[in-house]
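The chain that follows stands alone, in the form predicted alone, written as structure tokens.
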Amino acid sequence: MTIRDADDDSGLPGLMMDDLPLTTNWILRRAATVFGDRPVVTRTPDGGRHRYTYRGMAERARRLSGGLRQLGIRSGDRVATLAMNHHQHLEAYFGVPGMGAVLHTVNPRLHAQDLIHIVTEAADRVMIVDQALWPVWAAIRDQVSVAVTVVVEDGTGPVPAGTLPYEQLVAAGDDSPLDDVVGHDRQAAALCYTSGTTGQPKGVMYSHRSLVLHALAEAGADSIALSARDVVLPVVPMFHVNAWGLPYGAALHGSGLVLPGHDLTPVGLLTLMSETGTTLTAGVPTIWMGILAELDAHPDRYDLSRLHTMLVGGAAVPAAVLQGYRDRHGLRVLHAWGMTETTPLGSVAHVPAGVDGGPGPEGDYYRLSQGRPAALVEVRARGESGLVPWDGSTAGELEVRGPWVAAHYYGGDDDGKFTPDGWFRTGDVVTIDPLGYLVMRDRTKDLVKSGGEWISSVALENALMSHPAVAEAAVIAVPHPQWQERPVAVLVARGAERPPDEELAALLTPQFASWWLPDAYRWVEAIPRTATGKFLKAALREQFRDTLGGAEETGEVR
């Protein structure tokens, strides 16, 4: 036995099976064997139900891989999907990366020019498109170079000429195992583009390792707590950040999976939850606002006795929504934060130990925050003078890093979004309290800078939406001749009533400094949204940019 050289700092190697690659095939194999009888239910276009198990899903996913190989698809090729939440899309989630190709989920709600950009940049070789979404694809098909179009039939008629039916593609493939097809877990598995609210959409390329670690983390008790006792219904689209990783997480941990297809109406979703005994569901705040209104109108129509968690993300949840579910229906809203660049799980808002975690309002500060960072995710915030303290009051731009956080954008346009020491700059302005809880103050692009002082649009929006007559509120920065910018509130009424400006100002006055209060309130029929359901404030700023054009209209700043 010899003593190592003093300069040898390599350390003693561990004696573990570290070379086993963490790939989506690992998840598929576990789902098919350990949880092979667990159900996967899809609402079909005709309103019926398609039912099979993870074992059946795995077989078809492998056959899809075989069919794609016969088309000439090889490792690294991009296979795109233009599809909603259904079992065929789930098969692509595993069949495409399982053969070494890259699953590119395309958002059908994007503008045509954005779709052309991302399909071209991704160099997609195959497009798998829902028959119901054919008009979206037909509008751009001749402007991109995709070799093969595969259509997921919906029974409404024959597939368009020159396309390949999805079932024919699956039938043509064999059931060869995929266990050793992907050689290493840092290989690309999936590609998703941002919604492009401040420029062209940017691509985030997920590795197999990042998807597996993300799915593993979703089982944590202080995360989403997925388990084989759950039945999960992701309302968040499978074309958006991998449906928040829930299809992979559910399969890894044996949760039953319910896929709503194209019907995302409150009645349709609640009916499906009741019928399937859903225990956990997930979506953006606008979805839960609509469902809350339906439950308020028909509190005894639906059986949600097994539903223990309504996961909400994509935007800050209004206090009125969280409290409405809790106080009127006994349901728990769990707030989470994330981005396309974070796969997306970044933080989850559980009430900490030592605080009353019961159904009462004692823990609402924590429930309405963005929560603590998920396991393996690190956070910090940077102000104008450097990193800010975790004191719950000093704000800065949130920076994150972790094994499922993007290191670069696909295509190389990093656009100053990464720090020199390797952290991702989120664009979210937050405070971090001593327990590590994030509170979102605003997006950097949505802050209102009035007379050199910052005003949080998010805080004003949440307060305005506590008024019973306000269904939605978006606060925007509007040019002002004296103060540079002033806040204007754009509102959607819950019913016929539109309360006067004075009443809304009286609601805000006890909560905010006078100079925070909006200079004007404007009512609209609907607030424009991005392709992922967030408020499109850029459109509102353009629409209302002249609202405060003269000093005589605004008077002194309040």
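Treat the numbers as computed from the prediction; the structure is a model and nothing was measured. When you see a residue number, it is the position in the sequence shown, counting from 1.
One more form of this protein should be noted, the form predicted together with a small molecule, which is absent from this view; the next part is about it.
Within 4.5 Å of some heavy atom of the small molecule in the predicted complex lies at least one heavy atom of A316.
None of the heavy atoms of R486 is located within 4.5 Å of the small molecule in the predicted complex.
When the small molecule is considered in the predicted complex, H240 lines it closely, a heavy atom lying within 4.5 Å.
At a distance threshold of 4.5 angstroms between non-hydrogen atoms, T194 is in contact with the small molecule in the predicted complex. Only one of 173-181, 112-120, 227-235, 435-443 places residue heavy atoms within 4.5 angstroms of the small molecule in the predicted complex, namely 435-443. E341 is the sole member of E218, E461, E341, E399 with a non-hydrogen atom within 4.5 Å of the small molecule in the predicted complex. For the residues T81, T281, T426, N85, the 4.5 Å heavy atom test against the small molecule in the predicted complex is passed only by T426.
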